[in-house]
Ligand code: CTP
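A single chain comes next, written as structure tokens; it is the form predicted alone.
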């Protein structure tokens, strides 16, 4: 069962959050509550405190006599965050990173999956600003429970009523099912782009940002895995719950992969490894004034993915990536999966605008021996979950 942080925002539907909390408790979940200040106008803080058995978070800065970092405590507690009801204001705040109260700050401070049950006036629901916020949250992997249609407390009729308790709890159960599906698994992920030195200043490299690997690592950790990221030249914030190993060149990445992959249940090769490197490297800086041309002799680097495919232990699940361009890319990806010995391969067409290197979104096709599934453009966090869904469903773990 999961630890659920219930976030209650203001609105007449706030009283229904009590029933939702009780049902989640009956299902065996541990529930704690944070509220927006205005939510307490509809349901008293004491009600949630008594029924949850815990202090309710409402004051962002704590009490004068016991100041602290309550929002971080609630964020660390949460394995799943349920916002019920979620007002239009709360949706806008979490969509745009507004940490103005205990509820929104707790959401921003957590990497737990988020389920949102909105409730509001129909005109507010259909307003383009609200719909844009919902689309943005969906792209980031937030699960949205569409409100029910009917007569609302203000007398208007339309979409905006908070969904029934059973529907809301079923959505939470669906997230909980996948939340710990990688519990006990060791996952190794490579990311970024290697740089092969020409001299002490210059190098041959590529444009990989490492964002896809970072999303995979964060989502795998959130789903219970022990995660090691082997990264090449990535400048992104690091999650303290994840182990990071720096491997700037193809040779260093190869060595690190051999060291760590042997212990892994799932290996995801998202790094962009240089195919060639200079045969020799100048110790200092090459003086460009000595010549109008520069000739480099290149040699192939080790094919790390193929090597791991040959060394793969029984029960280990190996995922490769194929960043291709053009109409023939998918055919090349199919051939690559077989040739490299991958259990699955993630194909993306880097010629498609706005999903190439450095983008926050991606559009992927996952290829296995038995099926192919294309996923439309979504955030890299959402794509990461789709990739991990495949790994969790198909891998059984290494033989002991």
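Residue numbers count along the first chain shown, from 1. Quantities reported herein were computed from a predicted structural model and do not represent experimental measurements.
In what follows, reference is made to the form predicted in complex with the ligand, a form of this protein that is not presented.
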Any chance 4, 35 and 76 all have a heavy atom within 4.5 Å of the ligand in the predicted complex?
no
Answer key, the ligand contact in the predicted complex at 4.5 Å (heavy atoms) among 232, 212, 107, 269: the residue is 269
With the ligand left out of view, which of 167, 252, 121, 302 would have a heavy atom within 4.5 Å of it in the predicted complex?
302
Might residue 320 be said to contact the ligand in the predicted complex, defining contact as any heavy atom within 4.5 Å?
yes
Partner proximity in the predicted complex: residue 29 to the ligand, non-hydrogen atom cutoff 4.5 Å
no
Please determine whether residue 181 contacts the ligand in the predicted complex, using a 4.5 Å cut-off between heavy atoms.
no
Find out whether any non-hydrogen atom of residue 41 is located within 4.5 angstroms of the ligand in the predicted complex, and reply yes or no.
no
If contact means any heavy atom within 4.5 Å, which of 152-160, 271-279, 202-210, 133-141 contacts the ligand in the predicted complex?
271-279
